[in-house]
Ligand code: HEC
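One chain follows as structure tokens, the form predicted alone.
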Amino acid sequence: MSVRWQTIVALMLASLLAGCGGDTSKARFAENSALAKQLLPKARKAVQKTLDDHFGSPLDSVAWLKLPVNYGKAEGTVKTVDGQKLSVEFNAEASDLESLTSPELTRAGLLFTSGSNAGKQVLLAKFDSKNSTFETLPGLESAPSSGDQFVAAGHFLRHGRKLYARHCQHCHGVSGDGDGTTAKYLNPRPRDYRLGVFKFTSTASFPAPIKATRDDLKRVIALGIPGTYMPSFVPMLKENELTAVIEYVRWLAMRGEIEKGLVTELKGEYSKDRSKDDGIDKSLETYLSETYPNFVNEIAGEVGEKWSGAEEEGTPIIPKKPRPQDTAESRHRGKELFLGNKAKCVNCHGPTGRGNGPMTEDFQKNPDTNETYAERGLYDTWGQPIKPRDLTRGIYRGGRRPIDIYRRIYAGIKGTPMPGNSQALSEDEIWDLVNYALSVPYDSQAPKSPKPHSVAEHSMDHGHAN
């Protein structure tokens, strides 16, 4: 495909539907009102129009190729034409051939890039993967010809959307805002994807947080999160279904991040507080027509680069040294670090690892607003109260493999007060902490000697895990 047509395709696919037909005008993604209400009404509408143009609606998804999402894309050439039936040949180098097995290729968009229909699109009524034949819905003024080139896109995203709606939406919400119909009954709350932040990743937090990898999301969806209402979806979902859901979740996260970026940009000059300023409407109109379109592409590029960066080789945290033998000496060193000022684990997890450290009794400040929370305790990035892990229970939400615990200590838990220790601790020290943390549930259940004669004599720092 020529460079000229690559540009045209990128633009046309920004409006190529991956959703189903029919009246979908009432189905929309929820606005992040906490952000949007800060803007002038016209600026607020501009943000929503941008999101509608580049992401579509829940039932009419848009494949915006600027983002690193596997929408399902296939380029090819028409071989023969029989009415609405097209026999085609796919360009293997420019096609995600695996996604062509998706049942959602039916009713995906087909964009012609050459011939009399160049630049025109039509929906597919049927696809026969065995014989490589399309059957198109009516919509073209002239019939395609042998040799015409095309791009089919969006089918894999639509497949993920349907799986998400079936398995995830009731908790995580249509927009990925963590506010589904069952969310209010759950503690902890389901993840709100719109910040693009996922807690349990294999990626670093210093010097800047790196996004979750596809493998990170796959691990959470496949295995669930112990101690929460997030279940395991294996073997319920097959491999290709897991992949499709992951792409849809990433897409929702990118949509939320771009929404936040646009609002943050606009509220600097066009907040609702300036509604009575002289000339503000004209200034906004000029900005939206001259500067805003370039900023939309800029913020999308920045978001895309961050997600692409997470997939680069060497991104996951892999210790250079193997885990040392789990000895009493290693556990003792780990305990000293746990209780000391170097790792400062005791501040949140408490002296016996029960999650009752002094930080849980203090009034904390919201890092975004610098305002003190009304209630004591710790809070996450989403403004929800959060408790440090009670290590005596042996439930590790990010996984209980030694490498999982290592990564939690090394990089912290994104979106929470749990900090990373990659700069403060050596690999040997982190491994000692791993050995100690994994021993806590068993040590906490060990018989105490001598046995106390009364309840009053029983230290509150000891006892059985619950």
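One-based numbering along the sequence shown. In this text, all values refer to a predicted model and were calculated from it rather than measured experimentally.
The following text describes the form predicted in complex with the ligand, which does not appear among the structures shown.
Residues Gln48, Leu67 and Lys211 are none of them found to lie within 4.5 Å of the ligand in the model of the complex, as judged by heavy atom distances. The closest non-hydrogen atom of Tyr229 lies within 4.5 Å of the ligand in the model of the complex. At a distance threshold of 4.5 angstroms between non-hydrogen atoms, Arg397 is in contact with the ligand in the model of the complex. By the criterion of a heavy atom within 4.5 Å, Ile405 is counted among the residues contacting the ligand in the model of the complex. Taking non-hydrogen atoms only, Cys345 approaches the ligand to within 4.5 angstroms in the model of the complex. Only one of Val296, Val245, Val88, Ala310 lies close to the ligand in the model of the complex, with a heavy atom inside 4.5 Å, and it is Val245. Note on contacts: among Pro190, Gly76, Pro144, Gly304, the single residue with a heavy atom within 4.5 Å of the ligand in the model of the complex is Pro190. Of the candidate stretches 346-354, 271-279, 111-119, 254-262, only 346-354 contains residues with a heavy atom within 4.5 Å of the ligand in the model of the complex.
Along 404-421, a non-hydrogen atom within 4.5 Å of the ligand in the model of the complex is carried by Ile405, Arg408, Ile409, Ile413, Thr416, Pro417, Met418, Pro419, Asn421, in order along the sequence.
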